[in-house]
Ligand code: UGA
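Below, in structure tokens: the form predicted alone, a single chain.
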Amino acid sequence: MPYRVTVIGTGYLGITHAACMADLGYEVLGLDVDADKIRRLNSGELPIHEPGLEPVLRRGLESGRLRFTTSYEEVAAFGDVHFVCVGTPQKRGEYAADTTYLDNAVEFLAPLLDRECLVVGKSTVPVGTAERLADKLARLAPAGSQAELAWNPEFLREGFAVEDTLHPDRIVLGVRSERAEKRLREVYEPLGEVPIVVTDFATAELVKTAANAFLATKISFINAMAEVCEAAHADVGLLSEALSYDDRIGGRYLNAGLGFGGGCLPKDIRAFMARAGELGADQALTFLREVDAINMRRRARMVDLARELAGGSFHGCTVGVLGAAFKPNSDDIRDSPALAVAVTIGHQGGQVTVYDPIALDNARKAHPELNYGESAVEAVRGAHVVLLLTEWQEFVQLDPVELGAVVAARRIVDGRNALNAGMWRSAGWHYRALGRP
């Protein structure tokens, strides 16, 4: 491999990108300021849950192609292509994205770059960020114009990150020169035939935020239809199925339920709205405010349905909650609709016990005020109401008869429309779901 690769930031994106680049045959050095995380990664221990990632990480370490450090000096001396994969969280009390970690990474790295190299941003950022960072890089790097910036947004889905990295559906290259384009094309050449779209910086930045805005809109659309279905006594599950056969619409992301969460969609659509306002284009994205509002209303409606089944009040009521992660196959609890519902019910007087196959430790740390069970059966034992809030396959396959033997009352609210309603009703359960009669 002609280039040596570094990855700055070892969060969800950074770890995945580093391990997969090593799996493609590159020598890779990952960097993080968290010394304990670096120690764990160098010993082959993943600080996140992502299916299929651990063996890729261990292969890279065992081959000697992958290692991790806390030293920017080591990274600058090592790398020909530096991927910047740090987080851009929502600013506290604002919609806008906080690019502090990104600015810090460039400010630490740039003064150490004394030879030709490419710095590649992969973080999701407000449009205009790359332009600003390119100016900063040119000003701070001893190599001057030989240290160039490019923007290469990521499109990873949690639970499928390795697949999405090694078999992407497209690659977007935001570049200013043929040299930068050539180098990135060569870096990704081992992936084989993949559609590559070459753009300017601003378009590359917008591709990711526009994609997330579209997905969020599609999810909120079907959840808005769920609200109408409840008012009209219609079935949103059948409505969604009928819509899915129209190839202009399609069935993906058209499953009504508790709505989206996690570390990307909610904060990214809010940051998109904030940036549009700064650019004077705020009216173009006013619809995203309603997308966000619909999404948040689903959580409130879930609490309302649970309260209805509890007899009008949560006081003296035991509630078993199945799910803590924002989606299955992940331990990510950032802005998790499941935990938001569980915490709200706890605040309203319910005795809540939560179980999740993977995210239990993260949930305990974030919300020690809740009770936690070590299995689905334990979580719902003695419950007056059961809530399915994350559609883990383990929960979808639960036996309603077996579960019915341990609860205080057979009442369930399916927050993800994931269960076979007929089977649960046949087993004597009072079954409710969002958007269904």
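All values reported here derive from a predicted model rather than from experimental measurement. A residue's number is simply how far along the shown sequence it sits, counting from 1.
Beyond the structure shown, there is the form predicted in complex with the ligand, which is absent from this document and is the topic of what follows.
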Of the residues Asp331, Glu154, Glu205, Glu148, which one places a heavy atom within 4.5 Å of the ligand in the predicted complex? Glu154
Only one of Tyr72, Tyr253, Tyr101, Phe221 has a non-hydrogen atom within 4.5 angstroms of the ligand in the predicted complex; which is it? Tyr253
Within 4.5 angstroms, counting heavy atoms, which one of the listed stretches 340 to 348, 281 to 289, 90 to 98, 260 to 268 is next to the ligand in the predicted complex? 260 to 268
Does any part of His17 reach within 4.5 Å of the ligand in the predicted complex? Heavy atoms only, please. no
Asn212: touches the ligand in the predicted complex, heavy atom cutoff 4.5 angstroms: yes
In the predicted complex, Phe83 touching the ligand (heavy atom, 4.5 Å): no
Is Lys327 close enough to touch the ligand in the predicted complex, meaning at least one heavy atom pair within 4.5 Å? yes
Heavy atom within 4.5 Å of the ligand in the predicted complex: which residues of 408 to 425 meet that condition, in order? Arg416
